[in-house]
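The chain below stands alone and is given as structure tokens, in the form predicted on its own.
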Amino acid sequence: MKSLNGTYSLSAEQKQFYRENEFIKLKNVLSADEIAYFETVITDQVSRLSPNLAPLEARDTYGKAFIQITNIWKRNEAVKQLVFSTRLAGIASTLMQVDGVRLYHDQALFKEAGGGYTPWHADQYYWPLESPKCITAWIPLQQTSLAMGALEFSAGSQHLLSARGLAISDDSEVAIEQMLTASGCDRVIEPFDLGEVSFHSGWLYHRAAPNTTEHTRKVMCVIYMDKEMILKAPSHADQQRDWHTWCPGARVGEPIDTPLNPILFETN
């Protein structure tokens, strides 16, 4: 697992692409052996930690979109190796142009065979974070075709403000689709090669299509924030819940520095 704590070099063109679009897909971030290892470990954890789920047809839109298991690093030392990887955290720090990053939280997102679409949304709607310096690494645990529900991005949409008050829902799918169409932002949807990882900012709008294959789309996410991130006063109940779930003990107006939010990478 040497590469987990090695470096991944980003070109000047890649850094500029992220600055303009606030998403990027990077090839060969992880090796085939690493993907195979973590696919086995994370799949086992999702199986162990999943609740007794209702049939897909009985769930709401959010429930059909994926099985979501969070902060697996607290339960499994092998998963912690991936979540605490300085290779991934270093990429996050470089893309955000900050001196270091903390963990916000991790989450497995498994879109079952026949699983529904993930509506358009921006993650930071849920997060009580003062600045936009946060980023998600989206790590597919298999080669991911469009039919499996590869992530779709609206390039440069982080500047659009009118839909920032929308949670993930059928309503957000319709309203954000209309906003993005009017804005002229490019929509980017491509398959993911094995070992390819994407990074997107908290206010970047994104979605995923249904999984029309016979196989589960398995993805692990690690969410990073600037190591100096300030906790802001929650704007609504979802942010209040996220504060006490992901940053328990943090104080409004102060840097988020709790046992659940360790520094994962620093430039010095």
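Residue positions are given as counts along the sequence shown, with the first one as 1. These numbers come from a predicted model, not from an experiment.
What follows is about the form predicted together with a small molecule, which we do not show.
Sort through T144, T136, S93, S154 and report the residue having a heavy atom within 4.5 Å of the small molecule in the model of the complex.
Checking each option against the small molecule in the model of the complex, the one that comes within 4.5 Å is T136.
Looking at I42, L30, M229, A208, which has any heavy atom no more than 4.5 Å from the small molecule in the model of the complex?
Comparing distances to the small molecule in the model of the complex, the residue within 4.5 Å is A208.
So which stretch, 46-54, 198-206, 33-41, 234-242, is the one near the small molecule in the model of the complex (non-hydrogen atoms, 4.5 Å)?
Contact criterion met by 198-206 only.
Kindly confirm or deny that F66, L109 and T118 each have some heavy atom within 4.5 angstroms of the small molecule in the model of the complex.
Judged in the model of the complex, F66, L109 and T118 all sit within 4.5 Å of the small molecule.
Proximity of E173 to the small molecule in the model of the complex, heavy atoms at 4.5 Å:
No, E173 sits far enough from the small molecule in the model of the complex that none of its heavy atoms falls within 4.5 Å.
In the model of the complex, does E177 have a heavy atom within 4.5 Å of the small molecule?
No - in the model of the complex, heavy atoms of E177 and the small molecule never come within 4.5 Å of each other.
So in the model of the complex, does any heavy atom of E130 sit within 4.5 Å of the small molecule?
No - in the model of the complex, heavy atoms of E130 and the small molecule never come within 4.5 Å of each other.
So in the model of the complex, does C221 come within 4.5 Å of the small molecule, heavy atom to heavy atom?
Yes.
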